[in-house]
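Form predicted alone, single chain, as structure tokens, below.
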């Protein structure tokens, strides 16, 4: 007798699992960057439009497929058509790539969390040099936060060709991160269903605390004014719309197979349409909410740096021209500078090269995303706060919850098809399958703890999923609407949930969303072609800054393999199925 499928204890567990998976680091470190780059408040217009025409419909499609087929991604698409098993396999491959590198972010969060209990924070000051005669030269040229990230955390090599060795401290943190993930997925929905309450809710608690603190910081209003002041000319910028569509697409985690896996554990009568709308709205609201928190911190950091810059200029001019202490202030600085330049032109020209050009707008316009935002910009702001250890612990604890929540979805996308497979599950218990997946990912993930590991992290982050996911979701929508049949799928949903599809969902699935995905696919493909030789940012210890370098041929080959290995699953499995069927037909004996 076939074993019954495990179910979520209640619909709330499912919703929390989806929220925990979808609301991740991208909401905290990419959406604010896009707001900064593409017009502040005006970026919300393309973002909300893309949510309606792309995000909600595609999320509902994946949840409905998982709930209807009651299998992981491979089994679900095989049920729709035997030729589509490659779609599910491609999702599993992409999720495997993502799991390999994504958990290193949790390892870095653990590393920073452990160091957050020190007083002072280790990234707040530059260390002394070997002779104890001054500060470390690399740190002085960069900053204390950059030095701690690039030298103490990553111990980064000067290029991707210099592999270096495994750094044992980040490696131990990676093992710890995978151990936590394993304990969370050990018993499938039984363990994951309990963990998601924490991974979904705790980040909001920390964000609310940070919002209250952020709004009380000096200069926070400067950051919020910068965010909410719309630059309407950006609405005519195609890149603003493309990035809005991309952010919605990847933020919801479409195409990985995680949402199909989660929905497969639902009761067939579950209202997945309502849940798709709820998860989409919560995910987008969280991005906007996190941006308010981030820009209040941005404002504090920018104002702090701006005022520090002014104070250095004031001190320089006061000492150089023997001015009375307190005479020079921020309000009369420009006027006095003009007077000194006209009265003492020779002396002023000598001092001029030492004077920095202080600009609050320039500080606010410095756009940073990804690890640079989380581990450099935020730590720069945190070190200047009162009781900085507390804010550091809270921040990196929140990053951990967001990262682990996303990892639960990534591993579910791999584990569900494996546990659904009779070949695998008949030989190994669920706990052993989970353990093997985590162990293999952890061992391969040690590559990212090497001195060149951050460069490989960037390769995986930039190329492992982008084109592959667009193609996967495009095939998914075509498969449901034109292979399985939209009317047939509609009648299945009505029989299952008692609710039919209205015109909006049908129009989005059958026309608007696929056309949008094709447009994104063409844009990314042409962007890669027009870029020419792919480049990366390498850390130059002598200059204390990032420099641009070309990827070596073997790195380009890895990029090509990352893209091709998942995409090629779709045509190869279809071809294999076709050949197998032809051979079986040929072996069938003629009727007597």
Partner chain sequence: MPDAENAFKVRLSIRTALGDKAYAWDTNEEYLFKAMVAFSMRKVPNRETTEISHVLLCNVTQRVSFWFVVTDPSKNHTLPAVEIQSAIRMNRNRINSAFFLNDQTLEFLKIPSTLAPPTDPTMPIWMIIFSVIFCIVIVAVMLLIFSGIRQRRRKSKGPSEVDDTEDKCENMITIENGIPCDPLDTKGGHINDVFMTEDERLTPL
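So that the term is clear: the rigid core is the largest set of C-alpha atoms that superpose within 1.5 Å between two forms. As the structure is a computational prediction, the values presented were derived from the model and not from experiment. Numbering follows the first chain given and starts at 1.
There is another form of this protein, the form predicted in complex with its partner chain, and it is not shown here; the text below is about that form.
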| item | value |
| --- | --- |
| Answer option from 205, 507, 183, 225, heavy atom within 4.5 Å of its partner chain in the predicted bound form | 183 |
| The single option of 274, 218, 187, 312 touching its partner chain in the predicted bound form, heavy atom within 4.5 Å | 187 |
| Non-hydrogen atom contact residue 213 with its partner chain in the predicted bound form at 4.5 angstroms | no |
| Residue 79 within 4.5 Å of its partner chain in the predicted bound form, heavy atoms | yes |
| Touches its partner chain in the predicted bound form: residue 307 (any heavy atom, 4.5 Å) | no |
| 4.5 angstroms heavy atom contact with its partner chain in the predicted bound form for residue 69 | yes |
| Stretch in contact, per heavy atom within 4.5 angstroms of its partner chain in the predicted bound form, of 298-306, 405-413, 265-273, 251-259 | 265-273 |
| Contacts with its partner chain in the predicted bound form, stretch 152-176 (heavy atom within 4.5 Å) | 168, 169, 172, 173, 175, 176 |
| Residue shift check between the shown form and the other one, rigid core fit, residue 504 Cα at least 2 Å | no |
| Per-residue C-alpha change between the shown form and the other one, residue 339, threshold 2 Å, rigid core fit | yes |
